[in-house]
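Here's a solo chain for you in structure tokens, the form predicted alone.
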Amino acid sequence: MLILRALLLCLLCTGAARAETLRDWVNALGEADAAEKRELLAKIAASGNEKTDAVFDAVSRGALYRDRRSNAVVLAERDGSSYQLRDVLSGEDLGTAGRRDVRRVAIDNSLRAELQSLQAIARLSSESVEQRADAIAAVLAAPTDAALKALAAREPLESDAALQDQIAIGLALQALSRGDAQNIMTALKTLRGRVDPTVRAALLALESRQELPQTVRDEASRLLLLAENRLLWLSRLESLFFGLSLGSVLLLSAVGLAITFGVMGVINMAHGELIMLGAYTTWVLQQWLPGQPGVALLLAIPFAFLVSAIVGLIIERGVIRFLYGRPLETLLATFGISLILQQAVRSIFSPLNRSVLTPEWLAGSWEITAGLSLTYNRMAILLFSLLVFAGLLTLMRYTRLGLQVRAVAQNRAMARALGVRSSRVDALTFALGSGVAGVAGVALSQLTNVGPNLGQSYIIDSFLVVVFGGVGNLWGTLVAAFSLGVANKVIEPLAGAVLAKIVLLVFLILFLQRRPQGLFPGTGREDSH
């Protein structure tokens, strides 16, 4: 017990001594000359005390005064003919004083220019990660010997890994421009494998410094080549991610079409407009729920499915059911419906594009390393497309409706003979494919603006995916969507966006000449209605 009491007393004494020391330094500013003030402020900055920020703020504002009555340095604000005094460290009200009772603690211009650097040194020990990050950036933007020394002392104490890494890179870059050959070689070890633009620029500059030994310049050239190679691989990984992202968009837009076109054999040119209706449903829900874009987006998934499914059901019952077995008439009729839907949206919502808000939890990106970052919204859409595909596959394989759809698709006459109501299955299948198109519209609203022509951008690509994958095969649609998406993003950097699409189209034409059934031939309907 005695030992504990002694330790507690020591701790209290240590804290009191620390506070008293800082107060002594502050009070000493009142009588110090310019050189002494510089030394005192450097001590205050290096103290790590949380009150130092208030001291530097007061110094920079010229609000520090020496109270001639108590010889203490206080905060003073003029109030008419008197001054309102407060304690610098605690903010305690100290009453008022006359003009002759206080004297401003003045600083010269050279010291004023160093205040920002000193304040940054003080904030290196702040509890706030944001303040420490700002302080590190400020020190590296205007580095002085004292600031760099404080930064080097801070590096092993920094608890945030990202900030510690930032300090290490910053100190290494400073060593490249300030250090001798030995220090530069040590700094180059720290910068090995870094691909940041500032690091590569520093290595490039180091290569051309003829006053340095050849071994140092050779090492800089080697690290620069290593960084360029690493950057190239990161760029390829990023292209792969964008290819998968494009593939997920193609999968969402084509998987509904794979049902209506692949299973039912209906060429639905209004499929893109059903996607557009899903996107507009998201926008409308965000208008109904202002300030809650995340909730609106989640609610939009079932609502968009219902809206597009109901419209699809009306199209099937009103038009398509009379045109089964006549693909050309079906194509023309659904093309006309697509124009009607576009004009209806223009009349209701205006022809201008609408912006759908991205929820906070989908904004931003995950920076894996410098040169490779993955956006949250694209990762979410990639995952969402796979979930939709898995749900659709489960429905088609393990539910009564899926069994009836497959039965009608393989042999309509036999299915009818077994009691399957084929016309009802047709209607439900078309509604299902339309509803999935609406869900695709929800996802697309997070990547682009919503407008009447939104669906037109995806209808041709969707047909290409379905045909390439194999008509009536959902797995083929999955493989085709991701294959075309990745191939498109791989070719784009080499040939441009337009030429990449042309190359893929030529490839598909040649491929279908050799394999007209696509990658995975399905068991489509052979008999007519």
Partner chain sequence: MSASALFTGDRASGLTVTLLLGLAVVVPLLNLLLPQESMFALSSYSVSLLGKYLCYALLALALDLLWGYAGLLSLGHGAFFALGGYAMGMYLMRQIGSRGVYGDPELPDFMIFLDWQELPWYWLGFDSFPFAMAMALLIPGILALVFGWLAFRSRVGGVYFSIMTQAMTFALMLAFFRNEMGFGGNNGLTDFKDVLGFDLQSDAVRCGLFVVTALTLLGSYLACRKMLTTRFGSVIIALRDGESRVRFLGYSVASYKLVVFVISAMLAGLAGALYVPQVGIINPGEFAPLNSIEIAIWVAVGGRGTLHGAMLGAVIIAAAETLLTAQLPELWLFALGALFLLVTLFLPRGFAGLLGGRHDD
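Residue numbers count along the first chain shown, from 1. Just so it is clear, the structure is predicted and the values come from calculations on it, not from any experiment.
The form predicted together with its partner chain exists for this protein as well; it is not shown, and the discussion that follows is about that form.
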Exactly one of 201, 137, 368, 339 has a non-hydrogen atom within 4.5 Å of its partner chain in the predicted complex; which residue is it? 339
Sole residue of 146, 331, 298, 231 within 4.5 Å of its partner chain in the predicted complex, by heavy atom: 331
Can you check 149-157, 245-253, 322-330, 288-296 and let me know which stretch has heavy atoms within 4.5 Å of its partner chain in the predicted complex? 322-330
Going by a heavy atom distance of 4.5 Å, is residue 43 a contact of its partner chain in the predicted complex? no
Give a yes/no on whether residue 512 approaches its partner chain to within 4.5 Å in the predicted complex, heavy atoms considered. yes
Proximity of residue 186 to its partner chain in the predicted complex, heavy atoms at 4.5 Å: no
Even though the partner isn't displayed, in the predicted complex is residue 128 close enough to its partner chain, meaning a heavy atom within 4.5 Å? no
Check for me: heavy atom within 4.5 Å of its partner chain in the predicted complex, for each of 267, 498 and 502, yes or no. yes
What residues, if any, in 458-476 have a non-hydrogen atom within 4.5 angstroms of its partner chain in the predicted complex? 460, 463, 464, 467, 471
